[in-house]
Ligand code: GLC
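Only one chain comes next, encoded as structure tokens, the form predicted alone.
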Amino acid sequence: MKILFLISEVEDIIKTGGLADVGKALPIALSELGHEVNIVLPYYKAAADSLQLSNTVSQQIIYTNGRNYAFDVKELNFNGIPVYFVDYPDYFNNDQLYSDDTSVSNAEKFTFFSLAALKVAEAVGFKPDILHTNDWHTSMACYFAKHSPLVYEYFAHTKSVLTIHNAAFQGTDHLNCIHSIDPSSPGMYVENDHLNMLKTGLLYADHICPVSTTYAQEIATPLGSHGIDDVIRHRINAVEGILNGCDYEQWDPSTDEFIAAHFSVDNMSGKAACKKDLQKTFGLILNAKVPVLGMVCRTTLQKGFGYLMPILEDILKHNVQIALVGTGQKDITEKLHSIAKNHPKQFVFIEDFKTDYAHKVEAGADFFLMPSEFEPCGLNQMYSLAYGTIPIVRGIGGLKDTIVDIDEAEGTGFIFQQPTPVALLSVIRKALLVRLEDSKKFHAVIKRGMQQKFTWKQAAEKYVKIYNKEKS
């Protein structure tokens, strides 16, 4: 099949978060299954500066809502996959991918991009069987492919898939701020003169794929949907959760270039050296017997800091060390720095994101904390399993779909359910107790975790089944 893949980030080209991992891994996995994939991205300033590509077709012009948008199209061969860029400097030639620039809203930038990306496919002669969009940034393409007179004839036989990576972000703004659509256009999801880009896409995508089975169930409920449950319930027959994969070439303790020693499920000796290196690098006391809790994430309420912050100093009353790496909300980071200052040999917070730090934490910690408020899929719990670092997670979203509680026969981690600080503190104490008093059980959990595999090939095969279902 021919698959047009629209996304706002692709790892190794442009990245701000986990969406970029998907933007690279899933198209490659689909290509390896024999399908013809074309990716379309905005030509951000960072990409333009590093790639310096020439135009691949003549300048394209979109006339919509009384305005002309003239943009160029660049092309890059990326792991054998053509990547086309929408080069519109007025919107994308700045340092931030997603800006709070009041002169041009994010909703306008990415509504335009969604339409321009479809014009790019037509300009390069790529008529897709499947239009695969991702999150609010590209969701409007599902609407345009069926409604815009500029493109709907070209996409008349194309079926669309919308993957929901995080429904908390929906791309909303007042219609007066979104110049690339006629505000009187029919069928869009508009409330109080505000367009909701994600909900509009959900109305018109032929298939909707949240990034885990449990998250697919959660977003059909008022409590877990961030307000999209009305549309999800309306389209429930089109909803099917597909778990993201893990890049085991990048996250493999037997080959990882960022860690102090290599190890595997059959020879764990190198993990002790990784723990020592983590303690040394982070300025913690060198002691193999002290359990280390690791955490690498955005310091936001979504990642569970509402549960962690009230009990953090209670955790530090135990014989334990904590290595935390991340950036995010200022009020949280300031408090973390304050606690780290009071416990300098026991708790280290690095307000940064560096790839080598992330790998060192995954390889050197005994436990990995993911107490998320919500987690559509999550990747760090998969990395942790691969590195023999036992996840401590809340039983929601993709965390529930990838971790089995230690009390179950095939346990791979520790799960707490209630969204409270007390529940998190209780499960951490339980994990510390098992490590101290039941070494056999502790190491059995590590071994089972390291044998788990959540591959992008598995994810791609499930997407292909959906593509085929839509085409039949």
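This one's a predicted model, so the numbers in the text were calculated from it and none came from an experiment. The first residue of the sequence shown is number 1, and the count goes up from there.
There is another form of the same protein, the form predicted together with the named molecule; it is not shown, and what comes next is about it.
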Next on the checklist: in the predicted complex, does Asn244 come within 4.5 Å of the named molecule, counting heavy atoms only?
Outcome noted: yes
Item to check | Contact test in the predicted complex: Ala25 vs the named molecule, heavy atoms, 4.5 Å | outcome: no
Checklist entry - With the partner left out of view, is Arg298 within 4.5 angstroms of the named molecule in the predicted complex by any non-hydrogen atom? => result yes
Next on the checklist: Residue-level question: is Thr158 within 4.5 Å of the named molecule in the predicted complex, judged on heavy atoms?
Outcome noted: no
Checklist entry - Any idea which of 271 to 279, 145 to 153, 177 to 185, 160 to 168 reaches within 4.5 Å of the named molecule in the predicted complex, heavy atoms considered? => result 160 to 168
Checklist entry - With the named molecule left out of view, which of Ala116, Ala363, Cys377, Leu131 would have a heavy atom within 4.5 Å of it in the predicted complex? => result Cys377
Item to check | Contacting member of Leu195, Val211, Val120, Leu202, with respect to the named molecule in the predicted complex [4.5 Å, heavy atom] | outcome: Val211
Item to check | Contact set, 5 to 25 vs the named molecule in the predicted complex - heavy atom within 4.5 angstroms | outcome: Gly18, Leu19, Val22
